[in-house]
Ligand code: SME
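Okay, so here's just one chain, in structure tokens, the form predicted on its own.
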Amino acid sequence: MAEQLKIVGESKEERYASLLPQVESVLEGEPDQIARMANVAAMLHETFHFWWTGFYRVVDNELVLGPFQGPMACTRIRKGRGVCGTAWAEARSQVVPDVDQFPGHIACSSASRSEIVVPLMREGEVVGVLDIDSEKLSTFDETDRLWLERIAEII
């Protein structure tokens, strides 16, 4: 990823700072949550070229696959299971440098090496999660967490 950022000429922080107003503009006036998630997944995926970028929605006490970009994914995840289910159960972001070291990690793809999951909150309840996977170790850090939490707030 470092090589890619050098080529683009922008730091990760600068890319997020450029992306945030674009996300706000695209979401402005759009009430449909699926449409909002679909565009945000596409925008994040295009900007950062992550392995997998998408959403899971809380439906009938399960996380159910929503809009995404990337290879096939797990369709349903129980609360507390894997990185997504943990983010849901704890209502807090999970930054995982090495998914093989995360207890109970669900391997939807063996190519996934690191992951970040950010809960989507509405009225104090988790209504979904933004899940991003990388095929490289230690892709995500506090910069990603902070910016993705800001994006999650406006979704």
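All residue numbers refer to positions in the sequence shown, first residue = 1. All figures in this text were calculated on a predicted structure; none of them were measured in a lab.
One more form of this protein exists, namely the form predicted in complex with the ligand; it is left out here, but the text below deals with it.
This chain appears without its partner; in the predicted complex, the one residue of Leu120, Leu44, Met37, Cys108 with a heavy atom within 4.5 Å of the ligand is Cys108.
The ligand in the predicted complex is approached by Tyr56, whose closest heavy atom lies within 4.5 angstroms of it. A residue is said to contact a partner when one of its heavy atoms sits within 4.5 Å of a partner heavy atom; Trp52 meets this definition for the ligand in the predicted complex. Looking at 129-144, the residues that come within 4.5 Å of the ligand in the predicted complex, counting any heavy atom, are Asp131, Asp133.
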